[in-house]
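Next up: just one chain, as structure tokens, the form predicted on its own.
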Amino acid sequence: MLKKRIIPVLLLRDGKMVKGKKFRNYRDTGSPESAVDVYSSQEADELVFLNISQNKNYFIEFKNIIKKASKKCLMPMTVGGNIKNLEDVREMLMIGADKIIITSEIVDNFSLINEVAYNFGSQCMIVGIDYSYDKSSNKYFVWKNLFQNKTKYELFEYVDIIKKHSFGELFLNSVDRDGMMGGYDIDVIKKIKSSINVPIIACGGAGNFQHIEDLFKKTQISAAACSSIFHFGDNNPIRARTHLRNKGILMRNLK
């Protein structure tokens, strides 16, 4: 059985680290540089940096932050946000990223998945999906551009499309549960996992350690992406890993 991972997610916008609710109402949560030091000492399995700035010129500063972080980060780093082509991927890998998340760009260019996998290896290609429930149709739909544009793709239809391509992991992000700290979207995660073979990183909903425990015990998920649970309170990856081990969940040995 594969051991489970705890992955803090850092959202970067115009030089600041932030966190919001349902992709809105962002609050400042500190410095990305200090966060790297903290999570390196707290036994996080990996670290995800996502650029959510609407300023196209911020991408240069974002790359500088990633470059600095890579020099002292003691865990694998995944980077996403505004990555549009092979050259963007190449730049991020050269400055220290281990894996890349691409979300919005894939909606209009599925071939980018295989292009990245062919040039850099499928293990570094993570497909991101931001999804939300639509009450009028009683369906889940894929969104792009930070929940600004609803796509034509129903969630499960979209998964059937992307699974025909070559990639290492799926980053599944529930917009409705983002920052709400009410638990992961277990039913949707289980349904998607039953239809796809790649490991899934679930994001959106962690508010306490029980939520993470439920995620791992009720699904075949590989990793729990967490943000608010660590930003707003005294929780940290060390305590999370201890709780999960005590509940019989296999975690990676980091030391």
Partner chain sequence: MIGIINYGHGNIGSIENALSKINSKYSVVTNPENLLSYSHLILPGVGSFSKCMDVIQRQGWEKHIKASVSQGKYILGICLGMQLLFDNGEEDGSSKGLGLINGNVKKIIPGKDEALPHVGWNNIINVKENHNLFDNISKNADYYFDHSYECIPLKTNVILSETNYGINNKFVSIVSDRNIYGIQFHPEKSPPNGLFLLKNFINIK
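Numbering follows the first chain given and starts at 1. Note that the structure is predicted; figures quoted are calculated from it, not measured.
The discussion below concerns the form predicted in complex with the partner chain, not included here.
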Which listed residue (71, 164, 152, 139) meets the criterion of a heavy atom within 4.5 Å of the partner chain in the model of the complex?
71
Answer key: of 185, 130, 169, 178, within 4.5 Å of the partner chain in the model of the complex (heavy atoms) is 169
Tell me, yes or no, whether residue 55 is in contact with the partner chain in the model of the complex, where a contact means a heavy atom of each within 4.5 Å.
no
May I ask you to state whether residue 110 is within 4.5 Å of the partner chain in the model of the complex, using heavy atom distances?
no
Answer for residue 38 alone: is it within 4.5 Å of the partner chain in the model of the complex, judged on heavy atom distances?
no
Non-hydrogen atom contact residue 98 with the partner chain in the model of the complex at 4.5 angstroms
yes
Among 198 to 206, 56 to 64, 226 to 234, 23 to 31, mark the stretch whose residues have heavy atoms within 4.5 Å of the partner chain in the model of the complex.
198 to 206
Let me know which residues along 33 to 50 have a heavy atom within 4.5 Å of the partner chain in the model of the complex, or say none if there are none.
43, 45, 46
